[in-house]
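Quick setup: the structure tokens below cover two forms of a single protein chain, split into structure 1 and structure 2.
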Structure 1
């Protein structure tokens, strides 16, 4: 299950903006969870657009290896904002992407709402949902067609810190239930380390890879794990941020 993504010397620029990505090359194995971290506007979201086929590389290519026939067939994305249709219930928003003529759509939607903890809100409209609940509905909708590649573009950036941690926990439960290839863009290094198996650190624009950090920890994870702290220091160094000595009593 899942699809391997292979980025081969991918470069991309835009008129008036200049080069955004420079010789980006990495393999994201099938079923792995990878996060992209880097400075603002360095090209992380551009990478997601290239994966979806919304933009094309100026040089290089992105190859899909696995069960899917093409990008539209294997990918789904959840954005920073839930983007739920306000005139549809939670149930109908989640089922919006499903072909009602095929399979047990009602059963599929019920299973997804159970998975994200929204079963009792199936008939609620988006206006009554909290920010965290709306993001859960957005995740359920992205998963409705069982994509082989799940793309997450800062999915929890608009919620408070406590809700964000709860959503991270929910995301890990979802991933453990169905470990599809997942690529998440985030500015939150703690979030990347808590959720991902690998963190790709990008430079300023035009972005290239400055480090790849393998997170050798299983799921679920302990947020206070000292090994995560040391990896955070490494990522900060890759981003050009000086990490203070923890033994001096200072944080990062």
Structure 2
């Protein structure tokens, strides 16, 4: 049941910018929720593109093990930019990918729009949506066919803090109801710790793994859990953010 992703010595570079990923190796077990955090331009989106098969590694491989016949059948992604089709309504953008043989499409789209808080905007076109609304439509589209592997590239980066927390709650509810293998890129460490069972910390380019933090907490999580705070400090250290000691009387 489900799909396991196995990254074996994956390296990738581009002309003009040199190596981007360097010997990336990790196994993401079927049904686990993993976050990738790392500096900007270190190669996170590139990694998701490699998983999707939109790009090929220069060395190494990504293996899919499990039910899925091929990666195109099992993966869905919410891209960093929402990539909605401008000539389709929100409803039709979400429905675009739905397998028409899978029963009640109208009911499924309605449930997805309710979930991401866009029911009122079902007939709106992308040009009238805010950045955050477009991201939510993109998330609904990614969830539409209940993928085996869900890839999320900073899915809530354009959303205000409160909505973001509500969407994180919704994402976890979806995950608890159907724990698909999930890989989420985020710059928000609290978000990673609130949602993930494992946080993979990447270096600057060429990205390699500097730390893997296991988050041993069940769902739903308490955002004020002190254990999460100590893990946050560890992740910050991994990212090279050094905690400054408080100094009295330093004039600042």
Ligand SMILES: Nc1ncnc2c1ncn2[C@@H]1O[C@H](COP(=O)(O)OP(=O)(O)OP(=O)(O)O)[C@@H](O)[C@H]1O
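Because the structure is a prediction, the values reported are computed rather than measured. Residue numbers count along the first chain shown, from 1. We call the rigid core the largest set of C-alpha positions that still match within 1.5 Å between the two forms.
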Worksheet item: Between structure 1 and structure 2, which should be identified as the form predicted alone?
Response: 1
Fill in: Threshold 2 Å Cα movement between structure 1 and structure 2 for residue 180, core superposed
no
Worksheet entry | Is_shifted residue 161 between structure 1 and structure 2 (CA, 2 Å cut-off, rigid core) | no
Item to complete: Would you look up how far the C-alpha of residue 85 moves between structure 1 and structure 2 when the rigid core is overlaid, in angstrom?
Response: 4.0
